[in-house]
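One chain is shown next in structure tokens, namely the form predicted on its own.
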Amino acid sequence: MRLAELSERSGVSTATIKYYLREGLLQPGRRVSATQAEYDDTHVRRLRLVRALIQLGKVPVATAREVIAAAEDESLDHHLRLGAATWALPAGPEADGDDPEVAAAGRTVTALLEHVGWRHDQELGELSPAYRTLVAAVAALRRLGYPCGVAHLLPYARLAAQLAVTDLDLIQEQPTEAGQIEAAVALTVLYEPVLLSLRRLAHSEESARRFMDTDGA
């Protein structure tokens, strides 16, 4: 296909495609003349991944370039390629190293991961953006005096484990590894607001069940 058709099929403007080409985010097409090139379905898939990273994930161009290189590095196993894509996504705030609660929070998180048997995440530890964000959140809870021990966090971890199975099942519905990497990025970004919204709706429903005066109306 020519550039105009690639734009139409991908939903990305020709100007943006040219920008992605210049930045090395999209591989060049096959030259058919000095001024024209042909593109194929691999370019459509790459554009979907780039859009998932930059437009949905708000990943900087330089980081997106590194992610794409890792995601397409066939010397890495599929787990590492998926991880390279999702780790690049913006995470929550990280803990201040001078905060005295951080060390205690780190011990709590490590104990939680050990309790649920997440050995891979234990090994990664502070290398993982999600681990660092969780430590920061637990440190904030400790600082403000809210319950955040292993027993309090365990129900959330167990629910997260169930959700992970659902998420990976969705990702594996994509027939190619490239499609699965794109889906991992897009679904991570798009489903996190879904999870937050459902949690708040569930809170409202449970609050009504417990506290609403059903005899007053």
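Throughout, we count residues from 1 along the sequence that is shown. Here the structure is a predicted model, which is why all the values come from computation and not from measurement.
Not on display, but discussed next: the form predicted together with a further copy of the same chain.
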As a check of understanding, the residue in C148, V59, V67, V50 with any heavy atom within 4.5 Å of a further copy of the same chain in the predicted complex should be identified as C148
Sort through T42, Q172, Q27, Q36 and report the residue having a heavy atom within 4.5 Å of a further copy of the same chain in the predicted complex.
-> Q172
Is there a heavy atom of R31 no more than 4.5 Å from a heavy atom of a further copy of the same chain in the predicted complex?
-> no
Partner proximity in the predicted complex: T63 to a further copy of the same chain, non-hydrogen atom cutoff 4.5 Å | no
With heavy atoms only and a cut-off of 4.5 Å, decide whether I54 touches a further copy of the same chain in the predicted complex.
-> no
May I ask you to check whether R209 falls inside a 4.5 Å heavy atom distance of a further copy of the same chain in the predicted complex?
-> yes
Going by a further copy of the same chain in the predicted complex, which residues of 141 to 172 come within 4.5 Å of it through any heavy atom?
-> L141, L144, Y146, P147, C148, H152, L153, P155, Y156, A157, L159, A160, A161, Q162, L163, A164, V165, T166, D167, L168, D169, L170, Q172
